[in-house]
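The chain below stands alone and is given as structure tokens, in the form predicted on its own.
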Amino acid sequence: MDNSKYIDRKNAMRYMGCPNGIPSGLEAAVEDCESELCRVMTPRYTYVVRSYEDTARILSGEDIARHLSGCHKVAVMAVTLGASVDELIRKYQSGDVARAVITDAEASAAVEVLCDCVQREIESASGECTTTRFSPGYGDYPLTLQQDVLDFVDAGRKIGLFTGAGGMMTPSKSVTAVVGIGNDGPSRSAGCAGCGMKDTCANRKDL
């Protein structure tokens, strides 16, 4: 499998706090970290599409209700890069902090690319407009529902994704999200500009 398609160096540098590109002297390290990340990651995903009513038990809060307003279906997705990525980051943390930071940022960017791929699949299969993604922990959508979301898509059995203390996921480079279908609202391509959290998100891209 060609995992290089998940590499997004520009976004990774943004996660590192370097929006203008790779800091001088780190070019070789970034190349090496990307290569090693591609070698060890095992991207996996699962999702289900249900009616809005059928997903009500895993939805809570005014923000998610507003995000899904007018949608007649909801896609619930879970993605992960796999446990080997966590192991790689831990290895670097014990001996090369710079590479640990680079790999962590590269993995964070890679899992977002994987999410984009899954959402394109959902959008193509539905033939309808989709909203941007909305995850537990955004706004008033409580992180305490993380386990319910994972159970809803059977993520533990299907892709080896579980929750630990405080709703944090294992493997860590993983994402769960809810996507509305069929509301004629902001599509996936709207990105940060179409997200209800754009005014408060510390990690938003330039609009």
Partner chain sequence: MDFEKILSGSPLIFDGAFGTELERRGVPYGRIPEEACTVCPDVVASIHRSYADAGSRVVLTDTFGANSLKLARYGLDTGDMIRRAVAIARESGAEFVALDVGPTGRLIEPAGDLSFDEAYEVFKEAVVAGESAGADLIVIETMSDLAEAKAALLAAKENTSLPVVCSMSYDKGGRTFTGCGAKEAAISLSALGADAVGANCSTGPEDMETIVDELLRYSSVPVLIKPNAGLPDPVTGRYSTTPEEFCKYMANFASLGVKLLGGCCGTSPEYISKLSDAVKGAVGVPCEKEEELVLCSFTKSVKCSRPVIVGERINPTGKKLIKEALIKKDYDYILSVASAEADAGADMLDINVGVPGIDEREAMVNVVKAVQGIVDLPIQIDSSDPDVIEAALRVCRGKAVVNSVNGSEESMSRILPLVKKYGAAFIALTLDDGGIPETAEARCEIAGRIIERAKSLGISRKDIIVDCLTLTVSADPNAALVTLDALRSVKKKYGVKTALGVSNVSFGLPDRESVNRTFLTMALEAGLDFAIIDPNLYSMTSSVYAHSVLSGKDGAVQKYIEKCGAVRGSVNERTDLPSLAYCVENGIKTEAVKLTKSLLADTEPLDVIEKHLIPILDGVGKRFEAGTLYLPQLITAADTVGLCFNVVKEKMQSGRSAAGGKKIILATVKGDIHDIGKSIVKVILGNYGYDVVDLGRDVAPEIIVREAISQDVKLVGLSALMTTTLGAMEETVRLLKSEKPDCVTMVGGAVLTEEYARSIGADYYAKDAMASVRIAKEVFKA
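Since the model is a prediction, treat every value here as computed from it, not as a measurement. Positions refer to the first chain, counted from 1.
Absent from the display: the form predicted in complex with the partner chain. The rest refers to it.
Q: Quick one: does L26 come within 4.5 Å of the partner chain in the model of the complex, counting heavy atoms only?
A: Within the cut-off, so yes.
Q: Report yes if any heavy atom of R50 sits within 4.5 Å of a heavy atom of the partner chain in the model of the complex; otherwise report no.
A: Close contact exists here: in the model of the complex, R50 approaches the partner chain to within 4.5 Å, heavy atoms only.
Q: Could you confirm whether D63 comes within 4.5 Å of the partner chain in the model of the complex, counting heavy atoms only?
A: It does not: once the partner chain is placed as it appears in the model of the complex, D63 has no heavy atom within 4.5 Å of it.
Q: Should I89 be counted as a contact of the partner chain in the model of the complex, where contact means heavy atoms within 4.5 Å?
A: Yes, I89 lies within 4.5 Å of the partner chain in the model of the complex.
Q: Answer yes or no: in the model of the complex, does the partner chain come within 4.5 Å of a heavy atom in every one of K5, L59 and S69?
A: Negative, none of the three is within 4.5 Å.
Q: What are the residues of 161 to 182, in order along the chain, with a heavy atom within 4.5 Å of the partner chain in the model of the complex?
A: The stretch 161 to 182, when checked against the partner chain in the model of the complex, contributes F162, T163, G164, A165, G166, G167, M168, T170, P171, S172, K173 at the 4.5 Å heavy-atom cut-off.
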